[in-house]
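One chain follows as structure tokens, the form predicted alone.
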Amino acid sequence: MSLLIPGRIADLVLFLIFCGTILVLTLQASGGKKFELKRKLAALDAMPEAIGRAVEMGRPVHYTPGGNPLYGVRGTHIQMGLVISGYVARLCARLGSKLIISVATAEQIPLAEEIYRGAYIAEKVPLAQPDVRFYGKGDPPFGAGCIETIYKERVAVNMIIGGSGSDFPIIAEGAFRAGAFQIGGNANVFMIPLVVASCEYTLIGEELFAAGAMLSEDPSQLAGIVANDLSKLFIIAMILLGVVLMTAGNSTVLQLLKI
């Protein structure tokens, strides 16, 4: 029995190339090399203006990384949501807006509070107590808790950025009916249509991780995003090369992919 399955050797080679790229760039980042992501993300650019609008209206900003656990299938999405919440907290501290962060699991409470405090300390703004609210597990109860907060506090801006599941449409619909300006972010393919349909600005797919890496400035995360971009460029180059050769009657690339 062969260890290499016929027709899958090309997949293995590409897998090793991509993994090798990520490993090399991560090691370079660990060695002190700095990577920069020069991306314009409209959702991040819109946040200062949205929070400024909340300040003018005298109403708070609501932020949630989603109703999923930190250690689960969407754990990395929740982590990116918490990273971005630090940027939102700094903007709120700088502009003078009240911020409410809603979380779904107990382990997220100390993380959210520490991020909240750190943002206010960085902006040199006094803070008595971080406003972090816990509603418990489960998409329906978590969504209901967020909606109650949105209506009760008369939230002007609602941000749902992270690892939301079926809680997303519940919260987004409630915030829309309350007249809140919305910014959403999600990397789940099945949630992207809902995010685009319900929010004025969005972070979809890999943009969520790119935003988290850019804001955290973590070298390993930045290296991973750069490696991903290089892998995509390689695939695009292979597709273009294959199209040109096939047009010229040469099926070399096609035959290599069938190995």
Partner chain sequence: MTSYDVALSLLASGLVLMILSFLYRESGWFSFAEHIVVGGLSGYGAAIGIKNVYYQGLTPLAQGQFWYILAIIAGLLLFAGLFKTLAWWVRVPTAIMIGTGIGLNMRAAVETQVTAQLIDTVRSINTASLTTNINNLIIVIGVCCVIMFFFFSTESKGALKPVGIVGRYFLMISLGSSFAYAVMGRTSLMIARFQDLLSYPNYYTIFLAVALVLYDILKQRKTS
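All values reported here derive from a predicted model rather than from experimental measurement. Residue numbers count along the first chain shown, from 1.
One more form of this protein, predicted together with its partner chain, exists but is not displayed; see below.
Taking the partner from elsewhere, A93 is found to have every heavy atom lying beyond 4.5 Å of its partner chain in the predicted bound form.
Although the partner is absent here, G179 sits far enough away that none of its heavy atoms falls within 4.5 Å of its partner chain in the predicted bound form. In the predicted bound form, A210 approaches its partner chain with a heavy atom inside 4.5 Å. Under a 4.5 angstroms non-hydrogen atom cutoff, its partner chain in the predicted bound form has L41 among its neighbouring residues. For the partner-free chain shown, R177, M191, I192, P193, L194 of 177-194 come within 4.5 angstroms of its partner chain in the predicted bound form, judged by any non-hydrogen atom. Relative to the displayed conformation, the Cα-Cα distance from L111 to K34 grows by 3 Å or more in the predicted bound form. Relative to what is shown, C19 and Q79 are closer in the predicted bound form; their C-alpha atoms differ in spacing by at least 3 Å.
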